[in-house]
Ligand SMILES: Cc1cc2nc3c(=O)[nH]c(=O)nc-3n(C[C@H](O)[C@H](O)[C@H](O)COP(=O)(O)OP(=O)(O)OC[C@H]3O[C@@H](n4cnc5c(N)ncnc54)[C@H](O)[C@@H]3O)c2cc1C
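Encoded as structure tokens, the following chain is the form predicted on its own, with no partner shown.
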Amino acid sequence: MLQPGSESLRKIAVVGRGTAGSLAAASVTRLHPDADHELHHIYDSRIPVIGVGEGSWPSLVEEVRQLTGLPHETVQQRLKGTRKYGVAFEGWGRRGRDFTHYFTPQQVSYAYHLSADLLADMLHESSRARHIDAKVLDIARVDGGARVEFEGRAPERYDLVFDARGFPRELDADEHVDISFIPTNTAVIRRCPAIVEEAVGPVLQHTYTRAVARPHGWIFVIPLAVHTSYGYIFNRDVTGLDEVESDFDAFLQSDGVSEFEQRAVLRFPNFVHRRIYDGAVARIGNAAAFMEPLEATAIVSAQIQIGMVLKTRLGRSVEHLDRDAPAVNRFLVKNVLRYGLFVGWHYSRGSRYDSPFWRFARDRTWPRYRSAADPAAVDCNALGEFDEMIRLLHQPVIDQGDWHRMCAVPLTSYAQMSQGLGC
């Protein structure tokens, strides 16, 4: 069936070949109703995809099956993946006890632990696109579309461009909202031997992302079928890299890990772009927003950004574009800020460590959340929705009509974290 907006989307570009860019190219291929549309997937082959182990949300399981046409079992095996049923927190909160944040329904709903480079490769195969290996210098909205400027080749005009080029070089207050209430900004990534037993066929055992509080931050442990990804998340302005590396060594030793491969030291901002979508350019993935990986929000944010932009553009005729674009943008910005408030809240009760990092996180960083997310400053009411979820948790009885309330994540997630942290 011809969709009202398909005629205004004859030529589309996706810039970037990481997870977000590959999801976008595969999504355009699957969702565009006209087989003769033109899709350019543009990326610079000199920029490698860092093959870190990543967690995800249950929504990715069905989406990847639909985008690739492959059975769940085949997808999981090709991703070298395991089935993630939640996040196991160790040492977080005022109680100092370990607890698990389960996906709902508990022990039924699962996501993937996956290798990011393998996901990009698999989605790449599922995209019908002209592949352009070039460096992009600029992407700008022009009358009726967007213009992409290249190094060494003529510019091209597109009806819609998905910009998945990654983090901004630096934050600009006019363009970005600084999610300053999240206290981390750097990750040390290591690859270690597998801790999951190999199996004939997909690994069926229940696995969890471990989030282990440490003196200088926290460590994630993501078990894949062929290796285990470890990452130490910290704040480089509070703790030096040498101290972090030393504590990382001590943790691996206590975990029984005798060898590792150093993968990367990554600096990251916690931010959301004020203009994720303007009607012609859609920033997606790390170009749109980022926050530390505590609740695996990166991939699911990209899924929402891509899906909402594509379905709005295809489902609505072009005369609605000037009205639709601000509404879509406001929703996407609010959604990221709601994730950010949920993640930042994890630090509000500290951890088992009374260290400079945890005092900084609990006493100096988290208290900024009200001013940083003030509706007047961010042009949306993510803060009011977050406050409402916290208010519900303090009720002696939650009415049945509120059981399915959401603020980026469901009330059940807030309840599990509240109990675990000792709020």
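Everything numeric in this text was worked out from a predicted model, so none of it was measured. In this text, residue numbers run from 1 along the sequence as written.
Keep in mind the form predicted together with the named molecule is missing from the figure; the text below concerns it.
Only one segment in the set 344-352, 173-181, 158-166, 272-280 has any non-hydrogen atom within 4.5 angstroms of the named molecule in the model of the complex, and it is 158-166. Among heavy atoms of Ala377, none comes within 4.5 Å of the named molecule in the model of the complex.
In the model of the complex, the named molecule sits within 4.5 Å of a heavy atom belonging to Phe268. Shown alone here, Gly285 lies within 4.5 Å of the named molecule in the model of the complex, counting heavy atoms only. Taking the partner from the other structure, the named molecule in the model of the complex has a heavy atom within 4.5 Å of a heavy atom of Lys135.
Not one of Val87, Phe103 and Gly420 comes within 4.5 Å of the named molecule in the model of the complex, counting any heavy atom. In terms of contact with the named molecule in the model of the complex, the residue from Val328, Leu123, Ile233, Ala213 that brings a heavy atom within 4.5 Å is Ile233.
The contact residue chosen from Tyr43, Phe357, Phe386, Tyr369 relative to the named molecule in the model of the complex is Tyr43, the criterion being a non-hydrogen atom within 4.5 angstroms.
Looking at 5-27, the residues that come within 4.5 Å of the named molecule in the model of the complex, counting any heavy atom, are Val15, Gly16, Arg17, Gly18, Thr19, Ala20, Gly21.
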